[in-house]
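In structure tokens, one chain follows: the form predicted alone.
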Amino acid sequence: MKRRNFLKACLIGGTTIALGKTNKGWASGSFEGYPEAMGVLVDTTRCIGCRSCEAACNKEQKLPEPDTSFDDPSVFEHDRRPTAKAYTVVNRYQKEQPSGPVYRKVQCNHCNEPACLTSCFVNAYTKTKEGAVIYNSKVCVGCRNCMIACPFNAPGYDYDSATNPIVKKCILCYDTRLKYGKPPACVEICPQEALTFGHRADLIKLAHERIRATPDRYVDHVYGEKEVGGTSWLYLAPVGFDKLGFDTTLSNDPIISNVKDFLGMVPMVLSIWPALFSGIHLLCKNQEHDGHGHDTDSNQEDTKP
């Protein structure tokens, strides 16, 4: 049975890649988004850098205590990025300005057409109808293509086990909240209402209404509305987004649009090896499980809708 699974993994993976696509990644030309997708609007003019969102995320996702307390402002002395132990972080910008600093929450932005999903040759990622990009550690082979592909540098890698690689990132609290219609824990805890949860389409309207109502408060742009095909996390800001650490050079096209022509020309010989690698990994993982009862549980696995 294990040998059959191995051959099946090789066949499916090889066929899929040889055809030049993963099962979800090639539709960018006619992609029209997810009508039911939810999202979060971040109004950086309201954030005070309390880091309540970080603490709520850690608690909800059962992450370890941070190396630096959530009450310690020294973390703002340098930019941070999400890691396997902190799915979201808050950074401080514009601290020398008379109007005061601007705080920006960072996490996976849950792209409409995720580069992590497209780059994953074992389909460890799923884009749910609710808009969340979730991850299945049971099929991950630890290649970290997703980390390279992500335009927002969001996925973190758990280095605790070399034989059981796990990529970790924000999943919009999919397992415990989003699929039940509840807002993510970070949104619910925010004391400043800097985070607004709702349907992505409604949030875009709300963002533009705020800009129209108070044009002196915001720059006339909603980050995430169009970048890389749009994201579920949207941002309003009082200054140019480039001053808040956002990548303002990103195209409005999904990442896959930039590489699909190239991938379509990749010779089969270069496409087969990932499938073989995938099959070998799955075979070894199954043998390890049968022989030693290895526990592969994680907070993010088996989260397919």
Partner chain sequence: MSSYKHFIVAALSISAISVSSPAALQCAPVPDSVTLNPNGKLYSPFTFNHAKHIQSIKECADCHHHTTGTLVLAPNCARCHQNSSPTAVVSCKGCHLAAPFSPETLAAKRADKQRYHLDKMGLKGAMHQNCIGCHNKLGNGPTGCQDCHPRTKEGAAFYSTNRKGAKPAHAEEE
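Residue numbers count along the first chain shown, from 1. Note that the structure is predicted; figures quoted are calculated from it, not measured.
Omitted from view is the form predicted together with the partner chain, to which the following refers.
> Quick check: do L117, D247 and T249 each get a heavy atom within 4.5 Å of the partner chain in the predicted complex?
No, the whole trio is out of contact, none within 4.5 Å by any heavy atom.
> Which is the contacting stretch out of 122 to 130, 94 to 102, 136 to 144, 68 to 76, given heavy atoms within 4.5 Å of the partner chain in the predicted complex?
Of the options, only 68 to 76 has residues within 4.5 Å of the partner.
> With heavy atoms only and a cut-off of 4.5 Å, decide whether V239 touches the partner chain in the predicted complex.
No, no contact at 4.5 Å.
> With the cut-off set at 4.5 Å between non-hydrogen atoms, does Y180 touch the partner chain in the predicted complex?
Yes - in the predicted complex, heavy atoms of Y180 and the partner chain come within 4.5 Å of each other.
> Evaluate Y157 for contact with the partner chain in the predicted complex, applying a 4.5 angstroms cut-off between non-hydrogen atoms, and reply yes or no.
No, Y157 sits far enough from the partner chain in the predicted complex that none of its heavy atoms falls within 4.5 Å.
> Though only this chain appears here, would M38 touch the partner chain in the predicted complex if you measure heavy atom gaps against 4.5 Å?
M38: yes, in contact with the partner chain in the predicted complex.
> Let me know the one among T196, N109, N112, T88 whose heavy atoms come within 4.5 Å of the partner chain in the predicted complex, would you?
Answer to the contact question: T196.
> Which one of I189, A84, A149, V219 is close to the partner chain in the predicted complex, taking close to mean a heavy atom within 4.5 Å?
That would be I189.
> Taking heavy atoms and a 4.5 Å limit, what residues of 204 to 226 are near the partner chain in the predicted complex?
L206, R210, R212, A213, T214 sit within 4.5 Å of the partner.
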